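Coming up is one lone chain in structure tokens, specifically the form predicted on its own.
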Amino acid sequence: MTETVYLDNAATTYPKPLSVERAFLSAAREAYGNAGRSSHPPAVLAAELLYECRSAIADAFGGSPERVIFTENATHGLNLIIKALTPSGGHLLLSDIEHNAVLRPTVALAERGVSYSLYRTTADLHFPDLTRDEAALLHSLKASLRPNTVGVIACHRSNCLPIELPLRAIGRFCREHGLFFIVDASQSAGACRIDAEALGITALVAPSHKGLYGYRGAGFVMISQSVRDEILHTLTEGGSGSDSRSPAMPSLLPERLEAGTRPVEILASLRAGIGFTETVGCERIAEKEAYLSEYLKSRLLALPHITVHLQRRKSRGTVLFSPLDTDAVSLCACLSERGICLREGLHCAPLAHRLIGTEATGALRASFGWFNSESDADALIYALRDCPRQR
């Protein structure tokens, strides 16, 4: 069997830290009760683990444990909070790099009379200037406002382009205009310091299995104290472990937005993953991912049959590139045969690909994590040279 080189960390990080594996197994063996549903020891331990995870999230991202809502993943979390906060007839502002996890639930709200506009994230895609980018973004936000605008949604870091949005500036804009502010931190949580309260974030969403190094199957929404619990529309209803006589969901968080059994083992792994990122340091993780992506970019630029997209922008862990002499799908298949794990296509982000003109063809994405090294980037380069090219 061909040894694999894993360069698909933007999809899910691999390998997981040993502490994460141990936390998962320990919870599976000892906390096998249903949290909040009984007073026997395994159920109590499960409930304690869930609270520890809520507390770890709140401490890491500047919130309160009781405002942390556990979800199946970031997509579920974004669906939940977009639909919970947006009133009928409201208008939303989405960035022009949003993932389908934001775009599709927003489009689905058309049945409530909800509309949306896209705001610009850069002044010039190919000539980056953070000051000009921020000014262009804020100008676009202001120009997109309508009387019924209720909120702004921001993909903190694109999952395929080297673009990061200025959360502080957007948060300030939202406070000035009385708008809620939802942040998709799927690609930044764990590799970037985010203080939700200080940044004016109404709801922060992230999954367990990416930069927080937990396992797949869970995520969270952390909601600001400024939101009144009772106004939140519920996405799912069912058992909450409290107020069971009522046919309606409880009025207070987190129970109001959490129905059914929580995946204690996965959430134990998330707590351990947060501990791992805190021990290593978000800054060190970000620095290493940026270094490796810039290293790979420099090597890709030396290949005449490869185009690196937005090459002037500093890479923050992902590199998007396309072959000039074949299609992305065929090249990805060839690389896979040689043990290189990366992703081709639109990366569930057609808006971002539309922005750079690759919506019709897609592209290949290499993405790094803490456990990658220069040798992984080198292996991709060797494989690219080895793959047959169309004449």
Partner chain sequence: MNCIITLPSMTHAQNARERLLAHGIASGVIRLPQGLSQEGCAWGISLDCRHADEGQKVLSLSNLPFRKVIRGGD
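Note that this is a predicted model, so its numbers are computed, not measured. Positions refer to the first chain, counted from 1.
Here the subject shifts to the form predicted in complex with the partner chain, a form of this protein not shown in this document.
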Just to confirm, with a 4.5 Å cut-off on non-hydrogen atoms, which of P254, G190, G317, G151 contacts the partner chain in the model of the complex? P254
Which listed residue (T236, S244, T131, S88) meets the criterion of a heavy atom within 4.5 Å of the partner chain in the model of the complex? S244
Answer among 49-57, 324-332, 345-353, 359-367 for heavy atoms within 4.5 Å of the partner chain in the model of the complex: the stretch 49-57
Can any non-hydrogen atom of G36 be found within 4.5 angstroms of the partner chain in the model of the complex? yes
Interface membership of E66, the partner chain in the model of the complex, 4.5 Å heavy atom rule: yes
